[in-house]
Ligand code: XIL
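Okay, so here's just one chain, in structure tokens, the form predicted alone.
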Amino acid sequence: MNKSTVLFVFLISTFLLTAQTQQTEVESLKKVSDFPIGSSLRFIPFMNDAPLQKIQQHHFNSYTAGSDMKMYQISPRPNVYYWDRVDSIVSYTKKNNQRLFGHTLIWHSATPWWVEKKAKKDPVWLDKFMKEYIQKYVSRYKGKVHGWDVVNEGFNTKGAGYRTESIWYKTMGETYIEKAFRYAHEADPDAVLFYNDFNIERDTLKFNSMMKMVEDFQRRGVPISGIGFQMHIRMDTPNEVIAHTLKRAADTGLQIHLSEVDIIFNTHDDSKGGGVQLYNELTDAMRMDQAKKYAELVEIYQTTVPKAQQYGITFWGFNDRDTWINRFFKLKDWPCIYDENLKPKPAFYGFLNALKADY
């Protein structure tokens, strides 16, 4: 099936099937995909939302915790570890035959206040704590968590260079990233270990900084298994730039995870509350444009990343009701494949039909 035929089928089926979804169950994403399809979830509200659970179980075979597995949740105070919620997530994913992906071990924004305070007083302590934390955590869930975002967002928000304001960088230098991978690998040699970041699909300076680190790790045998492209993209993000960065990343031979996908219409400056409201309502034309963009993203992933390296596509929330975009950036946007009423949008069908296409 050539590209024009794929697009034609996708457009026609979008119009027809959107009307049908009010009465019938839609086709399952995971059943038509050659790679895992996931979504992030906040466990407590999710477990009290039966309609959301039904949709999640129907479409997804990979589960990423939105915040439940981050450091401030696991170790909010010195010498305290809370495992109960992660244990419950493990139980849920096992019961529903879903892959559990661990997000994230080390992230500057998820570092508890007490860790930063102690690291400033005793820099040597931070390395010891990181090793203890990672190895206690990863070994506890060895064989239960399939892969981990070992380090998240270690490079600048924009442009080249490491995120030097991070307590991890200020205390340990850039070696903290390498050490985190080594500690995680020691705890679970079979886990798939990712470096994960945002804007690397379109900010080539940032991407090049990350790739320099990745390629250095590969040369020196640092146990990195994959690259996570968060892929929080806008409608105007050029497809050719996405294809270029994915191709170069895939040339490393590592697993490639589109780890936090959503597609917005408005814009922002990557800071909390930094949204710029360009569109106040979602029109039919915008819905169709978004559906096309989701289809194109799937096509780029499938034609650029070799099958053996396709770790999967994960949505950072899959419905407009719960999207983080509006809360964080103080926007009104519609970035997901399901709408505020938990109904599939044209974006869903764009994504679904692209999964089914023969490229």
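All residue numbers refer to positions in the sequence shown, first residue = 1. These numbers were taken from a predicted model, which means no experiment stands behind them.
If you look for the form predicted in complex with the named molecule, you will not find it shown, but the lines that follow are about it.
Annotation: in the model of the complex, residues Q98, K144 and H257 none come within 4.5 Å of the named molecule through any heavy atom. With the partner omitted from this view, the residue of N61, S67, S28, Q53 that lies near the named molecule in the model of the complex is S67 [heavy atom within 4.5 Å]. The contact residue chosen from S166, T245, S75, Q230 relative to the named molecule in the model of the complex is Q230, the criterion being a non-hydrogen atom within 4.5 angstroms. Stretch 102 to 110 is the answer when you ask which of 81 to 89, 102 to 110, 245 to 253, 185 to 193 has residues with heavy atoms within 4.5 Å of the named molecule in the model of the complex. For the chain shown alone, W316 is a contact residue for the named molecule in the model of the complex, at least one non-hydrogen atom being within 4.5 angstroms. The named molecule is not drawn, but in the model of the complex it has a heavy atom within 4.5 Å of E153.
When contacts are judged by a 4.5 Å heavy atom cut-off, W324 counts as touching the named molecule in the model of the complex.
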